[in-house]
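Below you will find one chain, with nothing else, as structure tokens; this is the form predicted alone, and questions on how it binds or moves follow later.
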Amino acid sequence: MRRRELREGAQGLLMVLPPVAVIAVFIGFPVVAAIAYTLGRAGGPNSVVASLGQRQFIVQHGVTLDAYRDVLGNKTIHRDLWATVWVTVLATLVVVVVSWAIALYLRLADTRLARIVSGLSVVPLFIPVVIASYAMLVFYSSDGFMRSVAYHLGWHSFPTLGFTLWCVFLAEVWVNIPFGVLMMSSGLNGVPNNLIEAARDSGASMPRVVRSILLPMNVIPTVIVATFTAIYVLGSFTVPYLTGPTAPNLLGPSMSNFFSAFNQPQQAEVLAIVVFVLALGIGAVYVWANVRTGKRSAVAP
């Protein structure tokens, strides 16, 4: 019996070994090397980039946090970090609210208009992010569609949103709406109709049904939409690079500037570690949601 368990355990280990090895080689090892480089270790796999980079903080023995002090003490990075945080938080909140509203309407209404809204809500899913970013500029730049329409209607002070953080915010919301709607709709469609009908037969109003049945039974999909959206916006590059201002901007373009424009790869990797830590905190919420779902499934009859 003991030998059989050991054999089955070895077989299971061999089955998971290939994907684990791929992750370790192509993701784990570069991450470890990058962290070592930010701590002043320039040998081994970091020797080439260290020979070309500027403004580096290198030590022969031990580690140093001077690169982190240099980056986190930069006032420009403070503004970029603050811009990243508020765009991420605001975009996530709007995506969750709008996705909930659309998914709830699709769940409760069975009309032709609802089917049209369902189709339109997933259109951004099939449009490349680059095209979506340029579309935002076409609409909201100083000579864009919205400003031109406002001018012909007599509104000469329509704001120019192109190349501003507000344009980044609008683009991030538009790009992330399809995932939110699909996830929320999946959760709401999983609620049995007999629960809603029983509540209505008992005299509950539709707002009460939403508050007491639909909302509590869709906490996990809501958390998943919020965490995935926040991580996507936090690490985005294309949208803020094409639609955002020169400064302040999100950390994605800032990393690119440090690496390519300033030739400071160590500072760029410090910013990458900062984004990773922020995403790790958001990902912890996602892991909590999965654990909670697993526990609820385990105790369900």
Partner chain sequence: MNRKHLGAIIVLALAVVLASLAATSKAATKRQAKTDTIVLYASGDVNVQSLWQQYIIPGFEKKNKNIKVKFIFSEHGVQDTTTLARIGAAVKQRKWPGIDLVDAGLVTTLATDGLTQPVTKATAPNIKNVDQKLLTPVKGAAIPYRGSSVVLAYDSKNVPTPPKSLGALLAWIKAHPGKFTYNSPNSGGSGYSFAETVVDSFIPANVLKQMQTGYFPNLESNWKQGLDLLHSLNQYVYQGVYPNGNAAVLDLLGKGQIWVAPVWSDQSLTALKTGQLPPSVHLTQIANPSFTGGAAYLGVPKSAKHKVDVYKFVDYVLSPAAQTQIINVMSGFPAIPLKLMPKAIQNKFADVSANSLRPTYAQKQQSDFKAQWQQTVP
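Residue numbers count along the first chain shown, from 1. Everything numeric in this text was worked out from a predicted model, so none of it was measured.
Here the subject shifts to the form predicted in complex with its partner chain, a form of this protein not shown in this document.
> Heavy atoms, 4.5 Å, its partner chain in the model of the complex: which of 180 to 188, 218 to 226, 159 to 167, 87 to 95 makes the cut? Say which one.
Heavy-atom contact with the partner occurs in 159 to 167.
> My question is simply whether Ile213 lines the interface with its partner chain in the model of the complex - judged by any non-hydrogen atom within 4.5 Å.
Contact with its partner chain, no.
> Even though the partner isn't displayed, in the model of the complex is Tyr151 close enough to its partner chain, meaning a heavy atom within 4.5 Å?
Output for Tyr151 is no: heavy atoms all beyond 4.5 Å of its partner chain.
> Indicate whether its partner chain has at least one heavy atom within 4.5 Å of a heavy atom of Val138 in the model of the complex.
Flag for Val138 set to yes.
> Any chance Thr64 has a heavy atom within 4.5 Å of its partner chain in the model of the complex?
Answer no; every heavy atom of Thr64 is more than 4.5 Å from its partner chain in the model of the complex.
> What is the one choice in Ser142, Ser202, Ser205, Thr111 with a heavy atom within 4.5 Å of its partner chain in the model of the complex?
Exactly one residue meets the criterion: Ser142.
> Looking at its partner chain in the model of the complex, which residues in 239 to 275 have at least one heavy atom within 4.5 Å of it?
The stretch touches the partner through Tyr241, Thr246, Ala247, Asn257, Ala261, Phe262, Asn263, Gln264.
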